[in-house]
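Next up is one chain by itself, shown in structure tokens, the form predicted alone.
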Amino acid sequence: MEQLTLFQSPQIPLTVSDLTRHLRSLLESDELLQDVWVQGEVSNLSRPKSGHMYFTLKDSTASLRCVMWRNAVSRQMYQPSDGDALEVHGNVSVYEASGQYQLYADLLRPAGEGALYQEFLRLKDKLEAEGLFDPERKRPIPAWPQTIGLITSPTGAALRDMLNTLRRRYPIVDVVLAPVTVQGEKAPQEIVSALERLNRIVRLDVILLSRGGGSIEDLWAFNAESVARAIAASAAPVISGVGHETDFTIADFTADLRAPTPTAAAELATPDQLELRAGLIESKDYLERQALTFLENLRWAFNSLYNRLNLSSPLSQVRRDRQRLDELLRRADLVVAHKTELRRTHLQGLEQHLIALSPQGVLERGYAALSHVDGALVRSTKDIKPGDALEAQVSDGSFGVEVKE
């Protein structure tokens, strides 16, 4: 074996790495140390951003460094704090960088509560096998509850916190309280009876089952099988808000929704009135925009129909015919005026022609009209003889002439 060969030559010194690896091999080859439960008090608890957990287990005379990796931390039902008495399961090995042996933990449970924890695991496995935890049977939580049932202690801080949260977030909801004892021997039966009464007497939208934090013994009423089956049989969906965020109970697995705290249960059960107001304002603005768009479309459609109706109406036809008549009259006036002007021009031409052909016009062109003293016109040389006294008519007057030959 490797650990034997390292010491065959004692005169040859070992490196620190060789010795550390040898010690690690010794520890990891011990079956007891690879499957061990260790009990002690938690101190120096550290949770870095990596998600791993580092702490020290100590008793009156010794201490042991412990490490739990992130994937193991996420599976724990119980999350410790400094000063807690724990039972830690894991394997022992050596962290070579610092030369320290430490316990690599994979399971935690409160010291002295091992039997309760084992009973918790037994019942959890049983109910899970029956399908009570199946996501398919989980019912949705109503978005707008009208009546909420509360099952909790009437004197605990959980009730006050939930009522304050409901009043702040959704003051219009009605609340029905079913007071119960939340720990002790009578607590499971009281919780079962409260669930049955609320479902029988009141029509509820959702039931909040809650209590504040405590030890595993304090929360044990919520690990009772009867409580789990009553939750599964409830007509109204159930939200569990038991203990703190790190506490898990059978009721949490059976409920339709788990909340990390009672206050969170009240928040998960109700909408926030501030968000509702903002949503209403946004919806109002949207509806106004839609209404304005709708009215504008109606106005456009109305105007379109109105115009089409006007175009098809008898009055519109009369108006069009009247306009057509006016247009024809205007064109007739233009035609008449044009033809009148043509006639006027033609008449003027005729007038000028007549003037040119009139006796006066002939005289103005340099001709003269001869007539006897008795007014008879001289039309031919045959009408005169030498010695006749004639009158010559020209354009601007007359004068006497005598025929010589």
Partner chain sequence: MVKETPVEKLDYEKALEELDAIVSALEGDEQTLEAALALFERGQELAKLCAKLLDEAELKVQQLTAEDTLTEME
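For clarity, a rigid core is taken as the largest C-alpha set superposing within 1.5 Å between two forms. Numbering follows the first chain given and starts at 1. Note that the structure is a prediction, hence the values are computed from the model and not measured.
This next part talks about the form predicted together with its partner chain, which is not shown.
Residue contact check for V175: none of its heavy atoms lie within 4.5 Å of its partner chain in the predicted complex. A residue is said to contact a partner when one of its heavy atoms sits within 4.5 Å of a partner heavy atom; Y95 fails this definition for its partner chain in the predicted complex, lying far away. Although the partner is absent from this view, W144 stays clear of its partner chain in the predicted complex, with no non-hydrogen atom inside 4.5 angstroms. In the predicted complex, its partner chain sits within 4.5 Å of a heavy atom belonging to P171. With the partner omitted here, the residue from R197, R320, R203, R160 that has a non-hydrogen atom within 4.5 angstroms of its partner chain in the predicted complex is R320. Of the residues T246, S226, N164, N310, just one reaches its partner chain in the predicted complex with a heavy atom at 4.5 Å or closer; this is N310.
Using a 4.5 angstroms heavy atom cutoff to its partner chain in the predicted complex, none of K339, L342 and A356 count as contacting. The stretch that touches its partner chain in the predicted complex, counting heavy atoms within 4.5 Å, is 286-294, out of 286-294, 251-259, 323-331, 186-194. Annotation for 334-358: no interface residues with its partner chain in the predicted complex [heavy atom within 4.5 Å]. The rigid-core alignment places the CA of I172 less than 2 Å apart between this form and the one not shown. When two forms of a protein are overlaid on their rigid core, residues whose CA moves 2 Å or more are considered shifted, and E275 is not one of them between this form and the one not shown. Relative to the superposed core, L287 undergoes a Cα shift of 2 Å or more between this form and the one not shown.
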